[in-house]
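Below you will find one chain, with nothing else, as structure tokens; this is the form predicted on its own, and questions on how it binds or moves follow later.
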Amino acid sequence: MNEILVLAEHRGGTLGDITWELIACGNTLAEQAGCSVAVALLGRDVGQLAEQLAAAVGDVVVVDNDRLEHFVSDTYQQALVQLIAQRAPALILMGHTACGLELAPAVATSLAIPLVTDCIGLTFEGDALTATRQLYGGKVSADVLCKPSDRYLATIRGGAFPADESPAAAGTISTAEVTIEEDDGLKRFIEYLECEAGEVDITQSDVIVAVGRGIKEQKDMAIVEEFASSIGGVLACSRPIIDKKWLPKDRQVGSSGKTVRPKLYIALGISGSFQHLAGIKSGGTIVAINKDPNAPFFTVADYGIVADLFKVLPVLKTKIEELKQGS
């Protein structure tokens, strides 16, 4: 097996979190298969990004072209197909993102290679690729064996692998030349329209206190928010709280909300449906508080408390304050 090629995602001079997760996935597979990992960086004047990547992976290959300044799937497809032909990787990894969803099928079709999408796990059995995917809205996990091929392409779900940006290697940076033909004008970059920022960004928070349907009345939200603030955390929630409009949509954690990676996640009155748990796959320490001893959240929590959350919160708050004073 030659190598695993990871496609880096970036925008506005910043590498996307999914890039580091793809590298983690590639490193895991490479160790298993006994091959190397390379990162493909497509863009214009991306030398600084290449240096960041070279600190984490052994080989970074840069395709620098004026027409790659912004992501347009047609031009990216041309460049990536040529790069794959030059390097002949056994596996190409992309994020299961807006970019990957548009680009991956086009590249796979151009190269006539198997494509498997939205993967949460990958493994090689010999030269054959097996992908783990979730079906029926996450209720079932299935191992999908791809047909034999010299090359595969897979998209990876965000949060499926823990991102690791810590320096691990003094990697090399090389360049590759490609020819991008004039496009037909059907697709072109106009501008980025950024979503309006909310009061807080839960995806960047180290401590999250999340609430669910166990909060019976809206007036009780103030108690939980005060608790979250007292321990240096932010307030998030599951879908029922959004449906009641007690918190804005940007506070929702889960498959239809945001994926978070806090150091501490405290779940209050959340049963732990698979849709919600999908949003904290790469989280740190998880604490679940619920009156139902059979709540699914207890199967993934590091610490579980079967009790009324409003009786637990004051005690928990006092204990945390004592620990802070002691430190």
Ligand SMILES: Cc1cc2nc3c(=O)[nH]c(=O)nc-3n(C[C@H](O)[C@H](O)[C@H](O)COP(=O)(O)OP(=O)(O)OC[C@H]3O[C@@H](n4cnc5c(N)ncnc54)[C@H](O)[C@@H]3O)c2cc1C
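Think of the rigid core as the biggest set of C-alphas that the two forms share within 1.5 Å after superposition. Numbering starts at 1 and runs along the sequence shown. Since we're looking at a predicted model, the values are computed, not measured.
The discussion below concerns the form predicted in complex with the named molecule, not included here.
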Non-hydrogen atom within 4.5 angstroms of the named molecule in the predicted bound form for each of Arg239, Gly254 and Ser273: yes
Are any of the heavy atoms in Gly269 no more than 4.5 Å from a heavy atom of the named molecule in the predicted bound form? yes
The named molecule contact at Asp292 in the predicted bound form, heavy atom, 4.5 Å: yes
Going by a heavy atom distance of 4.5 Å, is Ala307 a contact of the named molecule in the predicted bound form? yes
Is Arg151 part of the interface with the named molecule in the predicted bound form - any heavy atom within 4.5 Å? no
Given 123-131, 72-80, 212-220, 228-236, the stretch touching the named molecule in the predicted bound form at heavy atoms within 4.5 Å is 212-220
So, does Gln52 move by 2 Å or more at the CA between this form and the one not shown, with the core held fixed? no
Taking the rigid core as the reference frame, tell me whether Gly272 has a CA displacement of 2 angstroms or more between this form and the one not shown. yes
Asn294 C-alpha moves between this form and the one not shown by 2 Å or more, core aligned: yes
Quick one: Pro240 and Ile156 C-alpha atoms, closer or farther in the predicted bound form compared with this form (3 angstroms or more)? closer
Once you account for a change of 3 Å or more, let me know if Trp20 and Gln275 sit closer or farther in the predicted bound form, using their C-alpha atoms. closer
